[in-house]
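Given as structure tokens, the chain that follows is alone and in the form predicted on its own.
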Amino acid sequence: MMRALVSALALGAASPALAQTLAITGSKLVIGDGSAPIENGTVLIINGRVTAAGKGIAIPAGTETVDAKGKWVTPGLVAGFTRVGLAGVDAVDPSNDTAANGAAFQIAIDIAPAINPDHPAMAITRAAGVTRAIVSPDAASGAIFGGQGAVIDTGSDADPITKPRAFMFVEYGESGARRAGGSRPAWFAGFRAAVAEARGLGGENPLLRKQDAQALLPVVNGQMKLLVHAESANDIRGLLSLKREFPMLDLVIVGAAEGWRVADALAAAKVPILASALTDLPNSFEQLGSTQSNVGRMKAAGVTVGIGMIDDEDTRQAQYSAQYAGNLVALTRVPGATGLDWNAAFAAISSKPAEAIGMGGEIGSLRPGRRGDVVIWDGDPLELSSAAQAVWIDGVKQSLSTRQTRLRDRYADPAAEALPKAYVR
């Protein structure tokens, strides 16, 4: 049993493999930028980067070639808002690093060292074709700032961090107001005070520790993304007014259940959204205007929208992204509903989250120069019946083995052995 445990842990500690020079040919090729799939397409990866993708691509001599005829080939999915890698078991505090309820610091918290590539959810996420994820801390019970989040890869090695300190996360809306002292005006007062102290304009009795104030300065200067959770139309209006007050803020709104009601204002302000795709019930006062047409209506108004999963099994179920995008396609066939066409739906789980976080030039599509994150699917990736058959991250082929598949394989053969299967490697 111990040998099996050591073997499982070793999967996450494997030495990084070398990037391949690789051509995947003959596929139905999806670039991921919102354009239509290309029949009989080829993607060429050299030194871990996409160098060409399309039809009629010249393949250098000696290149390893994978025939994907009859398959779909896409960029790896980008999970727009998750907490994957931060919690083994949500309800077990020693395994959960999403929020620091007893910490002296909040803004200065950098979650990158806590992201654990050995968590089972990482392998499950990778096997579902998700190669990158935006990973956010949660705000502690008495704070509005959660700390600094990261962009990660889901590769089967010990270094998951693509970009540390990629953004600052802040909780607003009903939850943020409660954490700020019980009201939205208290939240705004606290946020403005924090900005003032980051600028060195605090009074004699500062509210922030020095490290927190220093960590907030890149946000105030527009050098770090600011991700704020807000659901209601009025809360979104409040955040847009805050951006007008502090124009340097590089604001991204997370959740946005009522974003469709202020879509024109969001488009005019060029504020991207990481939306919860399927929120359609009034589960709270801030979500009374929820509708599954939310994402489609915002996209139609010109808003940059990616799919995120805040408070929706966000530590474990990033693989739901493809299902959610597929549901948005299905909405286009429902009378009176507004969904996304297939090309836009796939972009909502690939290039659009990457653009929202400021990494559209690195991940989320198969345009030349992007990282070599590629997935071969046995069918339409937005259909539940389809599965990833092969995954590359940075040009390195990945294992699709998970704890679940290993257990399946172990117990699939009922034949008796000298020892019970639990004791056999």
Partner chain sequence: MTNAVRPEVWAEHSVWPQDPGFSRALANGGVTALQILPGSANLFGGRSVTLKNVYANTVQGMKFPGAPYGLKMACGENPKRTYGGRGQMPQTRMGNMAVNRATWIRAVDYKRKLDKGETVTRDLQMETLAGVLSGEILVHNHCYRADEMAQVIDMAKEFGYKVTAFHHAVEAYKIAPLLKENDICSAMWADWWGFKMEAYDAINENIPLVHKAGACAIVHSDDANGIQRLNQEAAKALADGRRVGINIPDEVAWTWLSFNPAKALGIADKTGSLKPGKMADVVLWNGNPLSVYTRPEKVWVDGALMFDAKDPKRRPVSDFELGQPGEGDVK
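Given the structure is predicted, the values throughout are model-derived calculations rather than measurements. Numbering follows the first chain given and starts at 1. For clarity, a rigid core is taken as the largest C-alpha set superposing within 1.5 Å between two forms.
There is another form of the same protein, the form predicted together with the partner chain; it is not shown, and what comes next is about it.
Using a 4.5 angstroms threshold between heavy atoms, S386 counts as touching the partner chain in the predicted complex. With a 4.5 Å cutoff on heavy atoms, L331 counts as touching the partner chain in the predicted complex. Among residues of the shown chain, D90 is one whose heavy atoms approach the partner chain to within 4.5 Å in the predicted complex. By the criterion of a heavy atom within 4.5 Å, A68 is excluded from the residues contacting the partner chain in the predicted complex. A single residue from the set T162, T304, Q319, Q148 has any heavy atom within 4.5 angstroms of the partner chain in the predicted complex; that residue is Q319. Proximity to the partner chain in the predicted complex, taken as a non-hydrogen atom within 4.5 angstroms, holds for one residue of Q292, Q106, T98, S156, which is Q292. Considering the partner chain in the predicted complex, the lone stretch of 148-156, 165-173, 260-268, 216-224 in range is 260-268 [heavy atom distance within 4.5 Å].
Contact annotation for 325-344: residues with any non-hydrogen atom within 4.5 angstroms of the partner chain in the predicted complex are G326, N327, V329, A330, L331, R333, V334, P335, A337, T338, W342, listed in sequence order. After superposing the rigid core, the Cα of R403 is displaced by less than 2 Å between this form and the one not shown.
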